[in-house]
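Below you'll find only one chain, the form predicted on its own, shown as structure tokens.
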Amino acid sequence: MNEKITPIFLILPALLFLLTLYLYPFILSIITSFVDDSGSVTFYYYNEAFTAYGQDIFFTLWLCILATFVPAVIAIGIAAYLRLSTVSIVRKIISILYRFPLFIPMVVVAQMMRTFLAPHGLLNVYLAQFGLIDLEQPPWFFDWKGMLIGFTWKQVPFMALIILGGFSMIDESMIEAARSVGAGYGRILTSILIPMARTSIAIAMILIFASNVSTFTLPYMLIGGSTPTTITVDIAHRVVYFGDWGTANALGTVSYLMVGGFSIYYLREMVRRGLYER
């Protein structure tokens, strides 16, 4: 009897912590998005959210999808090279360099991007040196383009680590067999690595998509109050300037729905892996 009760007491503090700080606010935010000040059920907040911020909702969705697929392509290339390359020195250098952004907070990344992507910042000055742009009329990166660059630089290392883990689980004999019949890097990548590590790739993309949707500092510091912007900036604006928690919670619920289906897949896969490892 004690053996059954003891594990429950061991996980109880962590469970209470999760219920209090995560699950309770999550459920409360959804409920309050459907309830007005008088306690009546209403869809007013959702009507306000889609009327005032419909463009931003669409912008958030397609930007986060784009900022998931672009880093995924780069991360797959890095992970494949680290898995297949036999040049140890180059592998060590790449391993050190590509992990560097992992240790930089998003707020620091946002400030770096503001300096790097400014109209007369380092990127435009560098492009002007090669005559690619006119520095008197520099291109504007404080929009979706700057967001994409910032997300890609920050998210590639995390995705590459997960994907590399999936690639490393593939039996070396399969790769050697492919090499013995003349398969190159590209053929091995498309025919062996990606198909056999598709679950790891999918999980990495899900985690990055959810992270992109929830990011506030990068869009706030790059785009600010301009239109279109992301849902997170709209939520902060609605709370700080209007004290409108109802519309803010409605926007939050929309973001939950964006990542909801992917999260279900992620949880099911984690449960399946846990049962398989047992």
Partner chain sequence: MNVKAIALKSIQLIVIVILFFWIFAPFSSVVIWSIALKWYWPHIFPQEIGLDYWLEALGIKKGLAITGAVSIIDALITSVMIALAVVAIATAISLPASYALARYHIPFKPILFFLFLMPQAFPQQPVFVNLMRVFYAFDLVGTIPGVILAHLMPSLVFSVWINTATFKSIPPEMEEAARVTGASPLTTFFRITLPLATPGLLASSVFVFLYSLDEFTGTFFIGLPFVITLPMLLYSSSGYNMQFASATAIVLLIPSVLFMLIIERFLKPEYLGGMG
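Everything numeric in this text was worked out from a predicted model, so none of it was measured. Under this definition, the rigid core comprises the largest set of C-alpha atoms superposing within 1.5 Å between the forms. Residue numbers count along the first chain shown, from 1.
Separately, the form predicted together with its partner chain exists; it is not shown, and the next lines address it.
Against its partner chain in the predicted bound form, the set 53, 73 and 140 makes no contact: no member has a heavy atom within 4.5 Å. Not displayed here, its partner chain is approached by residue 114 to within 4.5 Å at the level of heavy atoms in the predicted bound form. Its partner chain is not shown here, but in the predicted bound form it comes within 4.5 Å of a heavy atom of residue 239. Within 4.5 Å of some heavy atom of its partner chain in the predicted bound form lies at least one heavy atom of residue 221. When its partner chain is considered in the predicted bound form, residue 153 lines it closely, a heavy atom lying within 4.5 Å. Of the residues given (175, 205, 194, 162), 162 alone sits with a heavy atom within 4.5 Å of its partner chain in the predicted bound form. Residues 239, 240, 245, 249, 252, 255, 256, 259, 260 of 237-260 are found to place at least one heavy atom within 4.5 Å of its partner chain in the predicted bound form. Superposition of the core reveals a Cα shift of less than 2 Å for residue 257 between the shown form and the other one. Core-aligned CA deviation for residue 87 between the shown form and the other one: 2 Å or greater.
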